[in-house]
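Below you will find one chain, with nothing else, as structure tokens; this is the form predicted on its own, and questions on how it binds or moves follow later.
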């Protein structure tokens, strides 16, 4: 009788999720595109699991930290620690390794700036990665520039993408998109993690997007420590963007320097910046893109003089898992309100507004790559 009761308790625990059951891991792991040259690890399998390996013979505990979850690694007789994560979403992820309580980059990975540090990143192959793959098509250039900033008493860096035909047709001028990164990242985000240049090259080659320039710069005027974002003010960066960067770009690149041919977009914090700056400068920007960074509501339209006449395009997007979290926890929606409802409301008022959801992704780069891919196809169309 006791044996039957024991079996029953175990069954109930399994059904309730209180007892974890060992899962079979598919052994079809392959090195990733984000590895250091010649390194076999980290690897990813067809389930999206990430397997890492690091030599640490004197360590007592080594963990893989990815997507806010830590996984134990196992040491062999040679002092090599190896182990894998649970299945990850498609796309790019930051990660790190904990060695006896110290968080360190994986020496096998290329490094990316995110979470306010240079650290490890890994690419989990996506079913739709074709839209940002390196293909045999004409390619634009991504240029690193420095522009003078009197307001910050320094020269600031930006990356500028120019379309494939920029150097061929020297009489042609181009619209411009100012594209912002998220909190804890910098101007390297969109050229590296975001693959903005490859997304545009492929869209232009397919005739799906109008060629335009993209400008990507650091979205802060000071270093903000973790937990200090509440003290961030948009005004200093707005001065950098409106009074310093835009005039520099218009003076040094063949732009169409007018409001109808200028757009701004950003992800997460960059979306929040985009909303604040564009609504205060409708004579400068005609198109607005918010990727996981709030929404545009009917109150925004009604409380912003000239919105209906001056704004040509509003685009709001989120990862599907973000939307699920909002439904399960309504108060968790970033920057308040239901983003889809906001877009539906302003669409009924005649605003050219679009809402996009990235399937099965969260607050992560695959959501934002897909968002740029969709947004770019709508930009600067008559």
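Numbering follows the first chain given and starts at 1. Values in this document were obtained by computation on a predicted structure and should not be read as measured data.
Omitted from view is the form predicted together with a further copy of the same chain, to which the following refers.
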Only one of 209 to 217, 248 to 256, 283 to 291, 124 to 132 gets a heavy atom within 4.5 Å of a further copy of the same chain in the predicted bound form; which is it? 248 to 256
a further copy of the same chain contact at residue 328 in the predicted bound form, heavy atom, 4.5 Å: no
Does a further copy of the same chain get within 4.5 angstroms of any non-hydrogen atom of residue 308 in the predicted bound form? no
Given that the partner is absent here, does residue 202 sit within 4.5 Å of a further copy of the same chain in the predicted bound form, heavy atoms only? no
How about residue 184 - does it come within 4.5 Å of a further copy of the same chain in the predicted bound form, if we only consider non-hydrogen atoms? no
Here the chain is shown alone; which of 242, 276, 99, 298 has a heavy atom within 4.5 Å of a further copy of the same chain in the predicted bound form? 99
Of 302, 233, 72, 155, the one that lies within 4.5 Å of a further copy of the same chain in the predicted bound form (heavy atoms): 155
Would you mind checking 161 to 196 for residues with a heavy atom within 4.5 Å of a further copy of the same chain in the predicted bound form? 166, 167, 168, 170
